[in-house]
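First, one chain by itself in structure tokens, the form predicted alone.
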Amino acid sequence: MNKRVTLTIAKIEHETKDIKTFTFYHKLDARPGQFIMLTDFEGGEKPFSISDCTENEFSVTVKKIGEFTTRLFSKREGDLMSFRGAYGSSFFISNTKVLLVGGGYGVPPLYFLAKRLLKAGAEVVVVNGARTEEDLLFDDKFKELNIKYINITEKGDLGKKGTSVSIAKKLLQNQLVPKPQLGNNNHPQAGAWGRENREKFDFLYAAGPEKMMKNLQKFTGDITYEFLLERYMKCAIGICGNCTVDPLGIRLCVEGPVLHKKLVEQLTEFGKYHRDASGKRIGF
């Protein structure tokens, strides 16, 4: 949808010290993995993945990292914003046994995905990783879903030290499974592992830092997967070419940002570099 829509900010949630979720009341009809282009009328627009979308509202979760997002963090409920979208490809919605792996501020789109997967009848396991407990996103939201959920931090302040990739590796290699705990929404605390009824997954989804997904790729084996990639996006409709990736030349705003295993495996730049606004290669 190229038509621009202006809305008031309905709700602002403080997720961490530098991450907020902005909710708007509007019928968007977005699919998990898609994004919108958002502007505050004060200069430029930026792409943001959709972290949740219901019949009459949608949300984006934003990390404060530059001039635009700093302005966004000064906004209050009731202030006006304008968007266009939703754009891009979306995650395949499986009804089988699936594993979702997220890291850092790339996690929120997986929450939207997990809800849609559950609605389709899938059995969902989510691994959510961050540097510290304070950086862990959507922890409470995931715990409210009917899923098996593992949280982990690099610092180890949840009781066990690790990354989402280190946990996913063990799950994919059948070295452990999350052991549900009664009375806690099937949420296993760090360290609560079991080896009985080992998991076998039919599909894998991932979102987060590209180096994280590159490391995860080493352990995927034969399992089919989809990754959510980020690149500098200017137009969002495939005209400017700023978000093309080597060597295929596919545009992440159109053919992506969600890419299937067959495409990811052909990308020579995946996990190695991206480009700035001028097109210069920037290594990860």
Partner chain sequence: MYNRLKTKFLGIEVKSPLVLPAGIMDMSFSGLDISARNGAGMVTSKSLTLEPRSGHKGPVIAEFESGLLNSMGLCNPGIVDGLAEIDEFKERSDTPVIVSVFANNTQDFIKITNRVNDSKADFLELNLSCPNVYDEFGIPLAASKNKVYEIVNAVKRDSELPVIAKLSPNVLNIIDIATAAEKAGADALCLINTVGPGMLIDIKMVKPVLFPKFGGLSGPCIKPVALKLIYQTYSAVNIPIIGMGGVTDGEDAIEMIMAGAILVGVGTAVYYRGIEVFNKINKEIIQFMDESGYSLLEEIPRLEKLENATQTSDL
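Residue numbers count along the first chain shown, from 1. Note that the coordinates shown come from a computational prediction; the quantities given were computed from them, not determined experimentally.
Another form, the form predicted together with the partner chain, is not on view; read the next lines as being about it.
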Are all three residues 140, 156 and 158 in contact with the partner chain in the predicted bound form, where contact means a non-hydrogen atom within 4.5 Å? no
Can you check whether residue 244 is within 4.5 Å of the partner chain in the predicted bound form, heavy atom basis? yes
Residue-level contact is defined here as any heavy atom of the residue lying within 4.5 Å of the partner chain in the predicted bound form; does residue 28 satisfy this criterion? no
At 4.5 Å between heavy atoms, is residue 81 in contact with the partner chain in the predicted bound form? yes
Should residue 240 be counted as a contact of the partner chain in the predicted bound form, where contact means heavy atoms within 4.5 Å? yes
Looking at 202 to 210, 84 to 92, 129 to 137, 147 to 155, which stretch has residues with any non-hydrogen atom within 4.5 Å of the partner chain in the predicted bound form? 84 to 92
Among the candidate residues 226, 52, 230, 40, which is the single one with a non-hydrogen atom no more than 4.5 Å from the partner chain in the predicted bound form? 40
When the partner chain is considered in the predicted bound form, the residues of 214 to 236 having a heavy atom within 4.5 Å of it are 234, 235
